[in-house]
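Shown next as structure tokens: one chain only, the form predicted alone.
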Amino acid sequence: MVSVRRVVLDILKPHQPNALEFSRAIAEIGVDYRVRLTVLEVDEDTETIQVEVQGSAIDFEMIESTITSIGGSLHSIDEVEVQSEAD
């Protein structure tokens, strides 16, 4: 079995929800998710952010769905860490 342990995402989002609310929404998806959000650029209507998610088994599809549901747009997956495990 292979588990995704870490992803770093480049996201464009509106100013609302703010960075704290956005991070909480992603963290609530998993039981052990750790989320680090960095605002890279701000313009009149949007923010470009980098989001790093760490956990024992990250559900990327749920993260992507949550990002979209709260108004964000995933631009790229910039880093990934996966780990194989014995069954």
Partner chain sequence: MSLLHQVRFLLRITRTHDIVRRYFVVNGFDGALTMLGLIIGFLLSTSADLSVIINACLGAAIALGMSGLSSAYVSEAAERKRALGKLEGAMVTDLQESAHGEAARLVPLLIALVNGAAPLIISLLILIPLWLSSAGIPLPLSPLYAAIIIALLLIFLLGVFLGRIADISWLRSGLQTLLVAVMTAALIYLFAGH
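Residue numbers count along the first chain shown, from 1. Just so it is clear, the model here is predicted, and its values are computed rather than measured.
As for the form predicted together with its partner chain, it is not shown, yet the points below apply to it.
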Can E21 be called a contact residue for its partner chain in the predicted bound form at 4.5 Å between heavy atoms? yes
Should Q54 be counted as a contact of its partner chain in the predicted bound form, where contact means heavy atoms within 4.5 Å? no
In the predicted bound form, is there a heavy atom of its partner chain that lies within 4.5 Å of any heavy atom of T46, even though the partner is absent here? yes
Within 4.5 Å, heavy atoms only: does S69 come near its partner chain in the predicted bound form? yes
Under the 4.5 Å heavy atom criterion, name the residues of 10 to 33 that approach its partner chain in the predicted bound form, in sequence order. L12, K13, P14, H15, Q16, P17, E21
